[in-house]
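What follows is a single chain, given as structure tokens, in the form predicted on its own.
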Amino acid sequence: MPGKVTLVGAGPGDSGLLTVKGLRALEQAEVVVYDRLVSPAVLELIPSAARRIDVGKEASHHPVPQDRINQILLEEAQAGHNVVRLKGGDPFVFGRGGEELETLARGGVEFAEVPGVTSAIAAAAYGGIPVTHRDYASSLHIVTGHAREGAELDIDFEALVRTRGTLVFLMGVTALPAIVKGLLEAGMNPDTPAAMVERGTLPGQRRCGASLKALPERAAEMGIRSPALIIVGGVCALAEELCWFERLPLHGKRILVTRPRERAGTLSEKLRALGAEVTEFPCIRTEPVSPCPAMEDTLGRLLEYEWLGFTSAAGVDAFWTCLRALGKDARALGGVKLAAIGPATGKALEAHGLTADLIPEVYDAAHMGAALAKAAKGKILLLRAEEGSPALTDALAEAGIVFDDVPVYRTIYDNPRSAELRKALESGEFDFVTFTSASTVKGLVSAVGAEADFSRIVGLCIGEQTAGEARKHGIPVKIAEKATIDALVELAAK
């Protein structure tokens, strides 16, 4: 069957600005062809099974020429693949998207275009600059600041000045002096407010504000680099009052999230909402013990137990999968009481219509063991990891409680980007690394090597046991007040 190409605008960088339709197309992609302006946060949304083709381009450096990109899209579609062409911003706003679709149309390939949020509006908004305002500008003009190599800018500056509207120049960092010169020579007031927004909508965003005549000097002082846009007009005077994004508590902070991929989303979203630049690096993954005759045996005689204890959502998932495979449902629990180590595990139970009868005040193995030892009169079944913390079983044994400790899932430590991560950690690229369990600490150390220098990061730990594991490897730590994701986020923002 012939394939299809969907041209998707990835937006200006913030993954939350990717449209719903764009995300749906991405989730169904078999091949994704992407540019350098697509942010890492958006690239993380690419399905793991999809093949990635990086055709990144930047000014004066085109690793893959445009003609070759056009042919790649044609060849992949003709091979029967569902292709997503992912482009920063909007593909039809100086993105050469039209040229790519022309090639596909001539090749008889089916295609569609999903518009993206253009940086011309979004980056300005994140910089506190409304591109139109009744008191300042009633029109918006988007202009390319990029000229073909060796050619001069082909811009009618006099026409632009006559509009008296807001002017936004994309891809104009290199041409900034020429743009300012052209506007001034065309009669624009040298004191007209102007600005540049670098890496707009991303946590590393910087805004450079000045009068039009002073903008080149100010941008040079700040070292403004591409990608950045130039905004000229009275609306730029509002930036100091309206720049909400740069006031977020975690703006500019770089945070590494080490949770398993399937659990990372909530933490990453909360950190990004506060302005952090989040890199997800799942150092561990969990997989159920399968087959698991020990669990099948205990589930066949569940009513022998007074309590069933879970120390993670992974344990809950393994339990429920096994229960359903045996042809049973929640009725098999009868009067068995349920214990969860914390709210997240409690929510995993709630997803199956179950409610935890016990959650300890402090969400760790030792306190769960103490709480169960105090509450239990009968036998306890623990369904947890192969390397579960001994603090839980030690507390039960000390209290003389009879229990069965059944490993139902294992933790796997692996990540193919280990060398890349080690370099980033040792060069101080991250301000914080989040650890939601001792396993995530072990996973990070396993990934980059125990001999790595961890002194340049601060580990944000969800509890004392997790912090203890981090200290073993020389990682400076801060500990959340409670063992919850929200408390961990609050710790990062302090």
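What you see is a predicted model; the values in this text were computed from it and never measured. All residue numbers are counted from 1 along the displayed sequence.
Separately, the form predicted in complex with S-adenosyl-L-homocysteine (SAH) exists; it is not shown, and the next lines address it.
*Can you say which of 89 to 97, 300 to 308, 348 to 356, 249 to 257 gets within 4.5 Å of S-adenosyl-L-homocysteine (SAH) in the predicted bound form, counting heavy atoms only?*
Going by heavy atoms within 4.5 Å, the stretch is 89 to 97.
*asked:* Under a 4.5 angstroms heavy atom criterion, identify the one residue in Gly233, Gly200, Gly315, Gly369 near S-adenosyl-L-homocysteine (SAH) in the predicted bound form.
replied: It is Gly200 that has a heavy atom within 4.5 Å of the partner.
*Pick from Leu170, Val114, Val278, Leu183: which residue has any heavy atom within 4.5 angstroms of S-adenosyl-L-homocysteine (SAH) in the predicted bound form?*
Contact with S-adenosyl-L-homocysteine (SAH) in the predicted bound form is made by Leu170 alone.
*Indicate whether S-adenosyl-L-homocysteine (SAH) has at least one heavy atom within 4.5 Å of a heavy atom of Pro193 in the predicted bound form.*
Pro193: no, not in contact with S-adenosyl-L-homocysteine (SAH) in the predicted bound form.
*asked:* Contact with S-adenosyl-L-homocysteine (SAH) in the predicted bound form for Thr118, defined as at least one heavy atom pair within 4.5 Å: yes or no?
replied: Close contact exists here: in the predicted bound form, Thr118 approaches S-adenosyl-L-homocysteine (SAH) to within 4.5 Å, heavy atoms only.
*Give a yes or no for Leu37: in the predicted bound form, does one of its heavy atoms lie within 4.5 Å of a heavy atom belonging to S-adenosyl-L-homocysteine (SAH)?*
Answer yes; at least one heavy atom of Leu37 falls within 4.5 Å of S-adenosyl-L-homocysteine (SAH) in the predicted bound form.
*4.5 Å heavy atom contact, Gly165 to S-adenosyl-L-homocysteine (SAH) in the predicted bound form*: No, Gly165 sits far enough from S-adenosyl-L-homocysteine (SAH) in the predicted bound form that none of its heavy atoms falls within 4.5 Å.
*So which residues in 220 to 235, when you check S-adenosyl-L-homocysteine (SAH) in the predicted bound form, have a heavy atom no farther than 4.5 Å from it?*
Going through 220 to 235 in order - heavy atoms within 4.5 Å of S-adenosyl-L-homocysteine (SAH) in the predicted bound form - the hits are Ser226, Pro227, Ala228, Leu229.
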